[in-house]
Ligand code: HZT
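Take a look at this one chain, the form predicted alone, written out in structure tokens.
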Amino acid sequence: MSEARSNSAPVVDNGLTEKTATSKTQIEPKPTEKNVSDVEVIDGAKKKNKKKKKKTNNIKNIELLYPDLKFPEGEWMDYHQDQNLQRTTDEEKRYLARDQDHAERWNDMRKGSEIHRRVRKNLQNKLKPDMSLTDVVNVVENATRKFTGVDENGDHKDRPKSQGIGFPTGVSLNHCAAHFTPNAGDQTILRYEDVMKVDIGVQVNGYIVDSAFTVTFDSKYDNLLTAVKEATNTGVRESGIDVRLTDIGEAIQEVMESYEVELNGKTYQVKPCRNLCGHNIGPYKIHGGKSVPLVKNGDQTKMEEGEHFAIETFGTTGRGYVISGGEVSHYAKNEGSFPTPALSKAKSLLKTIDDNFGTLPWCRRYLDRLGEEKYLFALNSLVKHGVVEEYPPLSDIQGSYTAQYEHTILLHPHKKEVVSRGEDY
């Protein structure tokens, strides 16, 4: 209950007559009923009660936010290479004649990208030191399921391959560059001094948006992150129809190696991880067969019109070469036909994989979520017979730090679209 003050001020005996004193008295207006309810007396001071606003949950099926099902375009960039000048000058005719054929595919990619931007913004607002990596990936993946409508109450819950998570959320720390996501029971904690790569995938009708960024809390890593971000932006800028992959790698390497970072009194040149690369993406296939190197490697293969690529770069304070090792979490079914597994458990596990993922990558947590139990022996059997491919974590030397940035681009006839571009990177 609020407490109101007295209605009149006290009369001071200063030798004035009663009449004069009364005339000097200031009569305070009586608070209205509304004033009394809105006023709180604390230590003799009036304070307005502030009603707490109820936080709204903005994570919902993305189609509710775009009822016409037309999603925002990415960042448009001109092809600046000589071999693409004719495409630019003949833009209108080529765009109408060819790009229209891909309109539905492009819109699916834009939908996935809009979801990606919202998912990573939601995560960025919640990230803090001492979070468990399991909590980090749950924030990403639960939001992705809601935005795509494949959660338990969503419109696509019975069609898990129609849209949803494109691949397991990567949260690789420090010298580990890629392919780490926590398995059940993992107790790894994100610390203030860590460098974490967050690699997020969203797919719509099998078209995958692959984009990643690096999280640090300590400013001493700033130059490392800047080097990798600028290298990725260089790769995006140099990409285009008829451009040789080795030329993109050469440009990435030049930018990356122009940076240094000082850690604990020692200066390191930032090196590209030379055996990691970007890649083109196919329907329900995260690696489509072409690799975009991070160094000049002599690959004369060219980018082609209509393709879409993940341009990603990794920089390191280590040796610039990663090796695989550690507990496996990432898997994907190989393309092609295979003999029916002899083990009954392997057979039922393969059906679960086919029904829910197809050739999309997945992790053991996803099998746990689907109710699979005691499946490791069956899973290892599928790996042994080549039905399923395992992807162990990829790491540089212990004690080094790696960073990653990545964007997905679409190669239209007249321009390229950085479809995953956002305000954050």
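It should be emphasised that the depicted structure is a prediction, and the values quoted were computed from it without experimental measurement. From 1 onward, residues are counted along the sequence shown.
One more form of this protein, predicted in complex with the named molecule, exists but is not displayed; see below.
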TODO: Answer with one of G235, G320, G278, G164: the residue that has a non-hydrogen atom within 4.5 Å of the named molecule in the model of the complex.
DONE: G278
Open item on the list: Please tell me whether any heavy atom belonging to S291 falls inside 4.5 Å of a heavy atom of the named molecule, as the geometry stands in the model of the complex.
Closed with: yes
Task: Any non-hydrogen atom of R105 within 4.5 angstroms of the named molecule in the model of the complex - done: no
- [ ] Check whether P361 has any heavy atom within 4.5 Å of a heavy atom of the named molecule in the model of the complex, and answer yes or no.
- [x] yes
- [ ] Considering only heavy atoms, tell me if E406 and the named molecule come within 4.5 Å of each other in the model of the complex.
- [x] yes
Task: Partner-proximal stretch of 222-230, 165-173, 295-303, 122-130 relative to the named molecule in the model of the complex, 4.5 angstroms, heavy atom - done: 165-173
Task: in the model of the complex: members of 192-217 within 4.5 Å of the named molecule, any heavy atom - done: D199, D210
